[in-house]
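Coming up is one lone chain in structure tokens, specifically the form predicted alone.
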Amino acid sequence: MITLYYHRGACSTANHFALEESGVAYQAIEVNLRAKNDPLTEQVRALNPMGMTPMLVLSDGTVLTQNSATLPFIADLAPSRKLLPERGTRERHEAEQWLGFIASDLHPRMVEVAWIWAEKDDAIQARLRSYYDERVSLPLRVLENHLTDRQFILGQAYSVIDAYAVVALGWSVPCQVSLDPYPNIRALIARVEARPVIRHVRQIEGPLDWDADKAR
């Protein structure tokens, strides 16, 4: 059985979605990464020196981290579910390109915006707002344009990449990034969130556990 260690509302939620979609046997264990003396947190830090989720522990003790590795791993466990294209195909390479885009461009830039609200000086905060608005708007525009004639990121079929994107896009709420200028992105979010499996995992995890110290 696979064990997923996740922090509620973090990018590890995408792995929770993927495991539920795959139908493979797993257990999901919630970790509060800010509770430094908690035994579960210490366990995660012992197994993953970065001290971050997602972290998958396989039945043989193998530890897998990083969404760019864990999401394809989960998808390949259940090829009949078609959560990613088959390995070795052009479609798979294109999928890996978009997975890299979410992991390397969209995800970190969405997270960066939170630092605006840690700044107490209004003038500095305004300058940060201008800077980070531009940084996050670039991947949002790229994704918006890509979705012009597509239901999902890879075309007309859902994949684990859509789930990951929607998790990252959900951080727009606590970070106060408006998605109003991006109707295609908002439509993607609505399609993904309407999936029964996604709704089920949302109910399990509960509300987004955002770091209040980064908001004002």
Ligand SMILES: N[C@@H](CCC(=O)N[C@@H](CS)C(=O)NCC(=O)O)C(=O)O
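Residue indices: 1-based, along the sequence shown. Note that the coordinates shown come from a computational prediction; the quantities given were computed from them, not determined experimentally.
Below, we refer to the form predicted in complex with the named molecule, which is not included among the displayed structures.
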Taking Ala10, Gly51 and Gln66 as a possible spot, do all three reach the named molecule in the model of the complex with a heavy atom inside 4.5 Å?
yes
Exactly one listed stretch (176-184, 53-61, 22-30, 148-156) reaches within 4.5 angstroms of the named molecule in the model of the complex by non-hydrogen atoms, and it is 53-61
Look up in the model of the complex whether His107 has a non-hydrogen atom within 4.5 angstroms of the named molecule, and give yes or no.
yes
Heavy atom within 4.5 Å of the named molecule in the model of the complex: which residues of 167-187 meet that condition, in order?
Trp171
